[in-house]
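There is one chain below, alone, in structure tokens, taken in the form predicted alone.
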């Protein structure tokens, strides 16, 4: 562990902290219908979209109508992408003459990008046409992120409103998230990536001779435009199989740092937006503090694990950090930071092979996802997931002091707790049960490239990642019909089985009256509350997975110390 390694992380966090309030204020203006500096350019386009689609801006929806609109839009998006992947051989912008995807892989991929997961059982440069990359995957990168933001805004409205029956208009929130937030940042960010050397063209792949005299194929394509939204929208799917470890997708230390900033940018801004919309910014900063504490702990463990190196290599007289599976231009510190950032969110992009991390360092991304992707989390999904935990924390605090729990002056009763518990139970059930099935059936072991504890970790990571809508992987697990179907179902439930209870919870809170907070009211912005929130997250989230994690990374760590490899 070096001072430069720590300095990278500190500078990164300070920049995120500095950007949180300005972006949060901008988000408030966007979703409260205020005028922004982009309005003269975007407002005419926005109104044209509403006119063409028949959207009535002033017509708001109750939570169940909002949820149905979200599900209908998502179903249409799934069908569109599935057909595109199955017919890409007949469509334009296919200079490499890519064949159609197999039905089960197309199903898995369509669900993956629909749900903002971007799990990839394929290498993009060997499987997808440019049209599929641009009009299929990149398009979903925008709209799946916009859906997450829209749900978060609706949930915040439910928390902020009193005696209300509606949460806003899904179509308006979706449009504004895309036009005012995702597109402007992506245009500027995409140009910055092009300046760093990320390709943006429609050329066929180039075959060149290397300095050693070998023939090498250089991948081209519209890469920068997809790279920027993959990070900004916390999607994570790579244009090429190597993802952000590729020199094309991530050519320089600046591009690496910039991509990490994009990943945390909107989730952090949404937290401040929450504080402003509930008219108490202390609420937002309390959540931001809880997220930051878990982020700092995770990075510390990951960096320690990688910087400490492999004890088996040390026995050979070679000291230093673990550099297997890493780009040397990034090293252990930037690789550990990138892995922590992408699994603190639902991004899943990688700039190093997680399969090559030391066991305890590899445990960090796994635990980050097992907590429910709430450590800043995906665009939108992290905020509404954390609000669910806030409601549970308030309920537990009420039980501890023997009084009716209240959240921002609203009583938390049985109905709200049921919705919160339903959302929280999704992650452990849909991570652990499919993992147990996979290790018992031949199809689940057929494509496993490692045995023992590491092989178990690969299976556990796959179902944890897909359920958390993250998309990163321990790459030793191969694709087959079983995993294509099982992980696809897992991604679908991971997205909608949390979003719908969160919207129902928001609808229930919106309909409640708020009582003035008195001297005995438990505040939800104090250091005590932050500590209780962290305790609830750890107890409800992390400890549920301790037995499974013990069979995987923890056992592997102990076996490595004894000289065993997999």
Partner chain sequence: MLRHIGTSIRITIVTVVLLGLIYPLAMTGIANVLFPKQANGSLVEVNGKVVGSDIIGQLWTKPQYFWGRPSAAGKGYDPTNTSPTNLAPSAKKLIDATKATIASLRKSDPDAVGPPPMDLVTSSGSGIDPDISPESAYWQAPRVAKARGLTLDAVKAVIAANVQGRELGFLGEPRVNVMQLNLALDGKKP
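Numbering follows the first chain given and starts at 1. If you're wondering where the values come from, they're calculated on a predicted model, not measured in any experiment.
The discussion below concerns the form predicted together with its partner chain, not included here.
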Check your understanding: Quick check: do 428, 536 and 562 each get a heavy atom within 4.5 Å of its partner chain in the model of the complex?
Key -> no
Check your understanding: Is residue 540 a contact residue for its partner chain in the model of the complex, using a 4.5 Å heavy atom cut-off?
Key -> no
Check your understanding: So in the model of the complex, does residue 282 come within 4.5 Å of its partner chain, heavy atom to heavy atom?
Key -> no
Check your understanding: So, in the model of the complex, is residue 517 in contact with its partner chain at a 4.5 angstroms heavy atom limit?
Key -> no
Check your understanding: Is there any non-hydrogen atom of residue 357 lying within 4.5 Å of its partner chain in the model of the complex?
Key -> yes
Revision key, fill the gap. Of the candidate stretches 329 to 337, 272 to 280, 432 to 440, 110 to 118, the one with residues having heavy atoms within 4.5 Å of its partner chain in the model of the complex is 329 to 337
Check your understanding: Of 480, 418, 162, 252, which one comes within 4.5 Å of its partner chain in the model of the complex, counting heavy atoms only?
Key -> 252
**Study point:** Residue among 247, 95, 100, 409 with a heavy atom within 4.5 Å of its partner chain in the model of the complex
**Key:** 247
Point to revise | Sequence-ordered residues of 126 to 147 touching its partner chain in the model of the complex, heavy atom within 4.5 Å | key: 126, 131, 134, 135, 139, 142, 143
